[in-house]
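As a starting point, one isolated chain is supplied in structure tokens, in the form predicted alone.
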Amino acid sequence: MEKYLKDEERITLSLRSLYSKYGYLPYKMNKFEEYDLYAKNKDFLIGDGVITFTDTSGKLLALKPDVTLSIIKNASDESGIKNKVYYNENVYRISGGTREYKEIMQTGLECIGDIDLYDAYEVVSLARKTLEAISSDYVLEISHMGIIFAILNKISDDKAFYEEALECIEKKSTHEIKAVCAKYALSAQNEALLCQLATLYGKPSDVLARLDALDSEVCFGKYLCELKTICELLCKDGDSTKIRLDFSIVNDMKYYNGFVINGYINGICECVLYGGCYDKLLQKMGKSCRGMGFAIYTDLLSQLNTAKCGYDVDTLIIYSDTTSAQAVKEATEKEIASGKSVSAQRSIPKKLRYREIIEI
């Protein structure tokens, strides 16, 4: 029956199986939460706009624009314990393309608690396996906010500079970096260092070699060791050409502090997978534990080229107003009995893709 599933449905089922194998348990939440949860963490949300309404009790509620915040809110905060969950939930937010509110299916996982380097590897590895479940033609990009902050801290301790510099790094704009450095009267050496950071992109072996050279100048050894370990394990797992290090991947410094990951699929014009370490978000929400996870937006998968399937149904049966219901029934059941999917119509639907057509 799997051949009758839509791509999004087939992928969702395979991902549930994948996450369960690694001990992640299903997480289910209500369609809405108290608005205050999202209002306090607006910067963490992807996109703007939260749909709100007043409950019968007078509380201001919101249709959920995110799942991670709810998982963190309900996660236990015990030493030595890891909360490992996955979810498949609809979220409600403004679409980047249409600027209209949209119901979006979001699938992902979170590992929250007393997590270590293995857990970070497991999350990154599962992000890679998630992309593989969608398509063999993917790229997983990895960054480390610890290395980025180490470089920024060496250059300046001005928080306003951090924010402007991160924006320039994300754009990979050396021109804008030079303008920011001039604004804050930074040295030519620090300007060159920041430009190097913005252009750190490529195969793990190449980028790690460049980071080794920078380490003697900046001293981010702990984070570099973490990154080397993750890359080494990932390269042993599979095709290393699918992995890229990209230090233009930056997330909000108020929430993120470690690994950051983005995933891309050939044929989809947007990033389909986002994730990373968000220990600072947990601290802001009163938790002492650590957290890491990712999400994919399955509505984007509709952009995939489905030519490999090519058809909505195997057989299109066309009948006239004078054709008896019995004749349509017999023709339809004959095709179904031979293992085919059938659509019986009086005329050809414009957008229906079919393998063969039978007129009765």
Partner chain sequence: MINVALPKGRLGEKVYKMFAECGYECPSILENNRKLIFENEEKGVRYFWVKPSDVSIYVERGAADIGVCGKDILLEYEPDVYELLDLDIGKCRMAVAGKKDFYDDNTKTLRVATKFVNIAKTYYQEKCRDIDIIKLNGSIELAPILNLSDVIVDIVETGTTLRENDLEVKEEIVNISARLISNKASFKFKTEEIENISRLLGKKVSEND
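Positions refer to the first chain, counted from 1. No experiment lies behind these values; they were computed from the predicted model shown.
Beyond the structure shown, there is the form predicted in complex with the partner chain, which is absent from this document and is the topic of what follows.
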Residue-level question: is residue 209 within 4.5 Å of the partner chain in the model of the complex, judged on heavy atoms?
no
I'd like to know if residue 264 sits close to the partner chain in the model of the complex, meaning any non-hydrogen atom pair within 4.5 angstroms.
yes
Residue 139 versus the partner chain, in the model of the complex: is there a non-hydrogen atom within 4.5 Å?
yes
Distance check, residue 236 to the partner chain in the model of the complex, heavy atom within 4.5 Å
no
Just one of 164 to 172, 284 to 292, 148 to 156, 77 to 85 has residues with a heavy atom within 4.5 Å of the partner chain in the model of the complex, so point it out.
164 to 172
Heavy atom within 4.5 Å of the partner chain in the model of the complex: which of 180, 268, 126, 91?
268
Identify, from the list 103, 215, 252, 176, the residue with a heavy atom within 4.5 Å of the partner chain in the model of the complex.
176
Contact set, 242 to 257 vs the partner chain in the model of the complex - heavy atom within 4.5 angstroms
244, 246, 248
